[in-house]
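Next up is one chain by itself, shown in structure tokens, the form predicted on its own.
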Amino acid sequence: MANKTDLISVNKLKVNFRNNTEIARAVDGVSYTVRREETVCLVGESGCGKTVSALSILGLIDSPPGEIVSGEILFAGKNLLKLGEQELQRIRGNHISMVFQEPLTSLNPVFTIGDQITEAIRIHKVIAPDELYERCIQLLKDVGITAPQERFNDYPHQLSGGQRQRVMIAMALACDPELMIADEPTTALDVTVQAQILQLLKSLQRSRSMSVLYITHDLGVVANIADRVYVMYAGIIVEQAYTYQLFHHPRHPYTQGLLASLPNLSKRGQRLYSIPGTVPNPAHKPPGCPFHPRCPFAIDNCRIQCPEMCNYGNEHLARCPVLYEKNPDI
């Protein structure tokens, strides 16, 4: 259940994808919350279901082949899964916005940057042309675009990757949303530009008192921007915690494996650790805990039943009773 500080609450969400012969359980009973004015990271390997869960919030799952089987997504007292398309359209961009992973494919190549930002505003606001132009220029300034009056008339192909991503962020901010969903927005950028975009998002989140749901596979990003973290594996949440707790006291073997695989100076000259095995196909998940084929702590029961969350206190939960029984108070 949502509490009074939760901006959005995803509860027991299940999303399947079907083809002629198989059903892939992409999201398999996921629950998480984003509170007002906080940054939450949803972290996991490619294919774990994190993007699918975020697209479900905005009603962007193509059906077919996708199908939201059950669950609820509560925002401002409304279950978004029960709303019609017109009601969802009023929420998209206006109250909840999204920054996608590939700006070159998300931006329309035949319209100028100015056209695309103004469209994002006109859909939801009645605004005079002069005021609309000034608002666009200010948005471009806010996201660090130099010479915004010139960039206003440019086309996407005339901008660098970092500039295009800044334009996508400007579009997402156009109507002052309460929640921004950022789906791996720095993946295609070089390391220096990645750092600039992350710093920009942190600054915007604070200055606009906005909430951010950040989707990533990169724990370095998580350490830099997250207040709280949810770790996903094979369509389920396996651990959730405040960022400091997660990095210093990981409670699930999968989280421990992810952290052990991070490079650092103390490992210089050594072979980096990697979690053995591969992520299961969502259409052919193993019975019991989906991580058990790769887990060094797995016992017989792990192969039979998917465990419930174990509570370590201070909102730190992990789905591994074996480690909990060994160290419940660490």
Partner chain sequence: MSFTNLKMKSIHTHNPVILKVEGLKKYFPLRRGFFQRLAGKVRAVDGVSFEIEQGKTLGLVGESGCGKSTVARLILKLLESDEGKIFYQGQDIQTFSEKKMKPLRKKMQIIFQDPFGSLNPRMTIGQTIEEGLRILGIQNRQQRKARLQKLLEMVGMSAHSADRYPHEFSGGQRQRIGIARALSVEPDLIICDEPISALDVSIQAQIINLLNDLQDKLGLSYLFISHDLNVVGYLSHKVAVMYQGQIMEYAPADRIFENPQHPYTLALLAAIPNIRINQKKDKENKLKVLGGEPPDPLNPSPGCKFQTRCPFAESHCRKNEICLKEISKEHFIRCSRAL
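Only the largest set of C-alpha atoms that superpose within 1.5 Å between the two forms is called the rigid core. Numbering follows the first chain given and starts at 1. Because the structure is a prediction, the values reported are computed rather than measured.
The same protein has a further form, the form predicted together with the partner chain, not shown here; the description that follows concerns it.
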For this chain shown on its own, do 127, 173 and 208 all sit within 4.5 Å of the partner chain in the predicted bound form, going by heavy atoms?
-> no
In contact with the partner chain in the predicted bound form (heavy atoms, 4.5 Å), from 299 to 307, 24 to 32, 45 to 53, 65 to 73, is stretch 45 to 53
_Quick check on residue 153: any heavy atom within 4.5 Å of the partner chain in the predicted bound form?_
no
- Query: Is residue 142 a contact residue for the partner chain in the predicted bound form, using a 4.5 Å heavy atom cut-off?
  - Reply: no
Within 4.5 Å, heavy atoms only: does residue 82 come near the partner chain in the predicted bound form? no
### Message
Does any part of residue 101 reach within 4.5 Å of the partner chain in the predicted bound form? Heavy atoms only, please.
### Response
no
Partner-free chain; cross-checking the partner chain in the predicted bound form, the single residue of 149, 138, 112, 196 with a heavy atom within 4.5 Å is 196
Of the residues spanning 150 to 188, the ones with some heavy atom within 4.5 Å of the partner chain in the predicted bound form are 160, 162, 163
Is the shift of residue 297 between this form and the one not shown large enough to count as movement, that is, does its C-alpha move by 2 Å or more after the core is superposed? no
